[in-house]
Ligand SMILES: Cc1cc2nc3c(=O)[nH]c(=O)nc-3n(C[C@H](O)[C@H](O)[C@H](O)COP(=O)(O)OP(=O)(O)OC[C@H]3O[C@@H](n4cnc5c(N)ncnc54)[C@H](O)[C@@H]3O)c2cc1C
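Read the single chain below, which is given as structure tokens and is the form predicted on its own.
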């Protein structure tokens, strides 16, 4: 249930495997606002496996660097594109349309204007129905967490800023941490926390803390002039969202034959642009497992690994987003002074160190995600690689099949042969459909039980 990015991704995976399903949504169609506005490297890799990655890159705007300013003074620059590529600015509306296209090309369609009223008759049900998930509430699953006092604001505006293309601009001030993400031509996403005096509703009560509440252009202009240190006026606004930030995670991601993905399972601050990407990762992880079980290619125990793998990832992302929003929003005088006068002075020198630059790119890209210790992986470590890690470039499949890679040498970067004849000294890597290592070890011991090896 739910045809946002998570539900649509799951449907595309099932369609690619030829598994029958229904996808329903009460909305009349894809969202009409940009909402989530960045697609990270790991998500692009997953879209590649669905044949949609190149389309996303063409439609999006490459974001190559983050530039950090302190009260308008340039303090540091950090590349966001690492060895595995970089993110693209692509609105959630465009991402959803892309996924709808992929579904239609495989002969399927979303049942719009359709509400799920009962779970009966389905072998499995997946709740991809957002933060107010009816599926989660029907199951009685708790959604523990907190709501921040601070108010956040997102806005897509047209402005003649004259800024370099492809660069995320962040500005640290005593009053907050704000940013501008280019969306193409003269269009930018503005984001950040509002100070209390600007967060209060207008005298006419037109502005509230409801999700996606409208904000007047005059109010946006005042915020822009006060915190962004870009001397120009906003021409217009396509979309605004004044909101209170929640940080919550479902107590479980599975109850019997029902699963939760995306915002139905976790919500958090938009700091770092991780939410939509995290939900797509959930859906892909669950999708190929459901497909293999449905096709009789794996036992149902494989489904146990969904919660075991994705809950720790979601918890780590939520914790990181909480820290990011605290940096953006906390109003404590000492924290505000540190944000405005110390943070950039530390980040500037550190940003020149190659390990730091690579770590920043990796952190935002979600390529750090690993499933070490999962019940669906096995074998032993080889060098820095462990079962459950993301497979190195050149080893990961570009489709939705398992791949067996057998190395004739002892190093992971040696030439590889696929389905090579086992021989002494060789090492086998079994790569899952999601590009993670299901097994590392002897070719003779490669598991055929997919309950145990992804």
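Positions refer to the first chain, counted from 1. Owing to the predicted nature of the structure, the values given are computational and were not obtained by experimental measurement.
Below: the form predicted together with the named molecule, not depicted.
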Check your understanding: Check 287, 308 and 385: does every one of them have a heavy atom within 4.5 Å of the named molecule in the predicted complex?
Key -> no
Revision key, fill the gap. In the predicted complex, the residue from 254, 189, 136, 169 with a non-hydrogen atom within 4.5 Å of the named molecule is 189
Exercise for review: Would you mind picking the one in 378, 176, 102, 270 that has a heavy atom within 4.5 Å of the named molecule in the predicted complex?
Suggested key: 270
Review point. Is residue 239 one of the residues lying within 4.5 Å of the named molecule in the predicted complex, judged by heavy atom distances?
Key: yes
Review point. Does the named molecule get within 4.5 angstroms of any non-hydrogen atom of residue 359 in the predicted complex?
Key: no
Exercise for review: Determine whether any heavy atom of residue 281 comes within 4.5 Å of a heavy atom of the named molecule in the predicted complex, and answer yes or no.
Suggested key: no
Check your understanding: in the predicted complex, does residue 58 have a heavy atom within 4.5 Å of the named molecule?
Key -> no
Practice item. Counting only non-hydrogen atoms, choose the one of 63 to 71, 394 to 402, 30 to 38, 45 to 53 that falls within 4.5 Å of the named molecule in the predicted complex. Key: 30 to 38
Practice item. Within 4.5 Å of the named molecule in the predicted complex, which residues of 104 to 133 have a heavy atom? Give them in sequence order, or say none. Key: 114, 115, 116, 128, 129, 130
